[in-house]
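In the block that follows, a single chain appears as structure tokens, in the form predicted on its own.
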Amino acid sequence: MKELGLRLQSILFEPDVVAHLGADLFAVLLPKLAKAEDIHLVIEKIQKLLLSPFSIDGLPIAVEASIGVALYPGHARTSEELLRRADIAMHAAKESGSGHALYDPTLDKHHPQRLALMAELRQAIEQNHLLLHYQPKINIRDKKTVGAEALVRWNHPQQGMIPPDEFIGPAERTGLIHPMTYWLLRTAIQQCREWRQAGLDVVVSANLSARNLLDPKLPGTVVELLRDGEVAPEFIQFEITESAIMTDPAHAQKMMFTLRDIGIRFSIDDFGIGYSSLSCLQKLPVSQIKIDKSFVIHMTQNKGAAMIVRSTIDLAHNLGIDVVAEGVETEQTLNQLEEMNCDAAQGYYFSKPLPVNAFSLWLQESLWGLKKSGENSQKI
């Protein structure tokens, strides 16, 4: 990413701007482009600079890019809209394999509806119309629940349940991810308090995005929410993807240590499909990793996937890190994970994500539910 940023800067001139938007996404602003047709010259320059491989630790790495273009004022009249429509064109280029694409309204037939949806999402957050579903994490040794992941859901009054991918990604790009995350944390902490008052000790996990890790207000907000909710930090865990950390590793590391000092524990979500390695986890305050379901689902039929899972578990344990396997859907998979000494599991074999009332009932009635009082329990 650093090398690509330098290469992009090397072919542009003042007052052109190169910005790293996150993960593997860059934006290029060309305020002095003479005429619209000249954009093809810039595209050619970018494609040529990618022809030479990148050298990483002496290894040549080939990089390909999909380029989306939006023009002012023909395609959009605000910076936010210009970025959104360039993003639409970029995804069109990626899907078609053409390498680049110019924005066209036909590429985004539902764009007006998407904009309206974001306005409605803001209202849904402010008016507390979102809801949380909870999916249990099961300790593999004693087959009992030790925690739950809190997942945001949106039951739209006209459209019904909207898939998370249709509003969480746009919320990240538009900045709505901050109020939505604060709503999630406040709601999850309040629910954790209610469970504890009912004698149900559940460690609740909440997901943080790349933007959340760059928010200087986050630690103070967490302290305030925990104090108001009368919940100890040990009952709240944050899940972060590898890509979120790698967006800005220095800031992410600083934020994680600040939150760790408050008492928050961290889990790396979807481990194995991102950019980091187990060795880099030594530099981060991580107590848990979650092996991505793409490995777990296939491990009973695919020896390669099983080997990856086993190796990851062994290496993580050597670093003092617990391991949760995502995507457990069969008893055979659970048995194999137990043989591999995996710590915990999550997936449809135990339960799909449930609304709070259904989950509370599940905790008390399921064979996988919480241990009875007096029994030894562990937090994962």
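In this text, residue numbers run from 1 along the sequence as written. Note that the coordinates shown come from a computational prediction; the quantities given were computed from them, not determined experimentally.
The same protein also exists as the form predicted together with a small molecule; that form is not shown, yet it is the one meant from here on.
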| query | finding |
| --- | --- |
| Residue (of 153, 141, 122, 303) lying close to the small molecule in the model of the complex, criterion heavy atoms within 4.5 Å | 153 |
| Proximity to the small molecule in the model of the complex, single hit among 164, 175, 263, 220 (heavy atom within 4.5 Å) | 164 |
| Contact stretch among 46-54, 27-35, 342-350, 62-70 - heavy atom within 4.5 Å of the small molecule in the model of the complex | 342-350 |
| Contact flag, residue 135 vs the small molecule in the model of the complex, heavy atom cut 4.5 Å | yes |
| 4.5 Å heavy atom contact, residue 90 to the small molecule in the model of the complex | no |
| Touches the small molecule in the model of the complex: residue 323 (any heavy atom, 4.5 Å) | no |
| Residue 290: touches the small molecule in the model of the complex, heavy atom cutoff 4.5 angstroms | yes |
| Non-hydrogen atom within 4.5 angstroms of the small molecule in the model of the complex for each of 242, 252 and 281 | no |
